[in-house]
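Given next, in structure tokens, is a single chain: the form predicted on its own.
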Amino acid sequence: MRDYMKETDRYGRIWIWSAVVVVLMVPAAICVYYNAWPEMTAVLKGLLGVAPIYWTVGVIEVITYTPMLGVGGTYLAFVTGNLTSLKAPSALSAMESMGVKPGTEEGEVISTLAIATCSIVTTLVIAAGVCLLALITPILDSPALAPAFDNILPALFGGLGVVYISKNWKLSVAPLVFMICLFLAVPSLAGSVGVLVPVGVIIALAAARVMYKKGWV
């Protein structure tokens, strides 16, 4: 298992940095082709408003999701994307179905297989969607389906939440109450899932510590 972890980490870093290079080469190739280079001051001005947010979310997500997904699953999820909405639910659901826990050797393997399968299926679905875009656009734009698309993420995590909350509902009270009050007070934060998930984790850990000391759990 130690050799597996070392090889996974080595290849994972290679693919992560390869993905970074590919992403950066797209705008660079456009600039070279059209010979249109933006001014550095304009680039820095644009980055100033968004880069701090993405860097913060990126660091927080690594700290939050790595213990859940394992080494291989984390590298796969961050390279292929859609971590919060697809990869994490797939890995947690697979581990729950197999009766293994995150952080174990079994969980490492199951998580990696689940995320790899999810990545392949997602790629095939996206490819099919691109090929059939002209045919399915009227269906996707239907007002009848709008509520469904607006609730995909809550549906995914709601199904997982029922399973984990039912195991020890006391631990879920504090983060659940906090998030409900927060969203009722500031509805615009509903789009900041990447930042608020770690906040909920911290609240849950703190509440669990307090309840453990008092003998409630």
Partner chain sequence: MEFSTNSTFLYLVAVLVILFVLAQSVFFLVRAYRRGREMGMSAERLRRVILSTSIFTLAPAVSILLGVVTLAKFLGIPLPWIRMSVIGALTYELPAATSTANALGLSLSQMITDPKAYSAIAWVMTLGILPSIILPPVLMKRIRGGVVKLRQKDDKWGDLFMTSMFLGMISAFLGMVFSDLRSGPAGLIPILVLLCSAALMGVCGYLIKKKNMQWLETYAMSISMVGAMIFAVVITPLLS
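Residue numbers count along the first chain shown, from 1. Quick caveat, the model's predicted, so the values are computed rather than measured.
The same protein also exists as the form predicted together with the partner chain; that form is not shown, yet it is the one meant from here on.
Q | Heavy atom of A144 within 4.5 Å of the partner chain in the model of the complex | A | Answer yes; at least one heavy atom of A144 falls within 4.5 Å of the partner chain in the model of the complex.
(Q) Against the partner chain in the model of the complex, would L135 count as a contact residue? Criterion: heavy atoms within 4.5 Å. (A) No, L135 sits far enough from the partner chain in the model of the complex that none of its heavy atoms falls within 4.5 Å.
Q. Using a 4.5 Å cut-off on heavy atoms, which residues of 31-45 contact the partner chain in the model of the complex?
A. Going through 31-45 in order - heavy atoms within 4.5 Å of the partner chain in the model of the complex - the hits are C31, Y33, Y34, A36, W37, P38, A42, V43, K45.
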